[in-house]
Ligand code: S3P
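Here you get one chain, nothing else, as structure tokens; it is the form predicted on its own.
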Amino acid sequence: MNILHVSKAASFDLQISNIAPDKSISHRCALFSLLSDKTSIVRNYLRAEDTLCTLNIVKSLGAEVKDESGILYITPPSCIIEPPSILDCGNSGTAMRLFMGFLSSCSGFFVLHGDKYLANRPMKRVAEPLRNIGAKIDGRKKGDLSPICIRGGGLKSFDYKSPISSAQVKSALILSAVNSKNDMPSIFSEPELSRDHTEKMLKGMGADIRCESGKITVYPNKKPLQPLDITIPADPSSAFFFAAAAAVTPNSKVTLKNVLLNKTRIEAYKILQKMGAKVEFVKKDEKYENIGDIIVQHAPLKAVEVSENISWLIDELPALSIVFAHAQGISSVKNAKELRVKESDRISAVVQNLKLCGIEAAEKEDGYNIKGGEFKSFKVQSFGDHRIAMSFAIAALACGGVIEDTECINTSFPNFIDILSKLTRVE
């Protein structure tokens, strides 16, 4: 078990150009390369445990992957092969759920599994709509838990109204439709727009996907998609830890370079603005996605209620909870029950750990209330969740603290501690 000791930080003015590449887009680049018949070129792929698992799965399905001077060249197979072994998704729910959708449309037998934490995350939300269109999917607890076994091929079109807003559910269904052999289009809708990387990237590759009036209409491919030629921007969810650090540390400022500025990924920064922090977006590129710099500067913070666009905030809410704990008044999070089925039960983990920091916090079924206060030195658990571990490393900047079981940070942000060490002493 790795234990991280983080000392109290002084004020800082830092420019960060080596934030981890975007995790969501990295996963998708590897998987989407299988939808072409030509070599995809991917620069700045995230070399973290979860995304490397996705890359290994792509290899196991028959792709040839060359890594030349940090650039990936992914050549898809002429036909997806049945791997002789289990496909390891590591700690990544994104990988497991997206591959469930894609492999359900492929002829063959496949088994997806992951680590002990992923093995307890729900998969029924993807398995059930896929079964309803002809996929043969099974697993523990009637297909809700991995290992997930898939006998793919022969899917029907669908008109599916998802009860939850989830980019993973949406992406799984879109992939099953894009890669199916049907002549009929499929339609997907959700309560509110979730992260839209899948639609944008696949449309950029030539897929016939139409988004209008809250519905996504997907037409099956008549021919292979165009290959990717992409440089992956910095991950705004990873960058947000240091945005939070600047927001809560008096007289501090951070400039985050070359970050993805997709509107579904910067909602947490908008919350910082509502709370009083100074936040500036400087757009530089818009070929595949909007990309640019984000500048965050400390200012007195006031409490806020967060109840909308939760699917745009689901990864940043743990770090936002640290900001709430520095604000004047009581902040609340509502309509966020989805937090309970991430890498950990993030509602329980946030509240339990904040109390150990001397902060008043109350757990609700679908969120929590946090009263701003003064942090005291602490020792907390990560619960095997990389975002809980990194959020409380940022919390320690106010008072010093210890976070146990921090090896999980490597699943998404391998150089997090290196950057953190520029702000304070880390052991």
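Note that residue numbering follows the sequence shown and begins at 1. This is a predicted model, so every value here is computed, not measured.
We do not show the form predicted in complex with shikimate-3-phosphate (S3P), though everything after this point is about it.
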Would Q168 count as touching shikimate-3-phosphate (S3P) in the model of the complex under a 4.5 Å heavy atom rule?
yes
Using the partner position in the model of the complex, report whether H298 sits within 4.5 Å of shikimate-3-phosphate (S3P), counting heavy atoms only.
no
Considering only heavy atoms, tell me if S157 and shikimate-3-phosphate (S3P) come within 4.5 Å of each other in the model of the complex.
no
Decide whether S24 counts as a contact residue for shikimate-3-phosphate (S3P) in the model of the complex under a heavy atom distance cut-off of 4.5 Å.
yes
Under a 4.5 angstroms heavy atom criterion, identify the one residue in I314, A325, V178, A246 near shikimate-3-phosphate (S3P) in the model of the complex.
I314
Only one of T94, S252, N221, N290 has a non-hydrogen atom within 4.5 angstroms of shikimate-3-phosphate (S3P) in the model of the complex; which is it?
T94
Thinking of shikimate-3-phosphate (S3P) in the model of the complex, which stretch from 337-345, 224-232, 78-86, 102-110 has heavy atoms inside 4.5 Å of it?
337-345
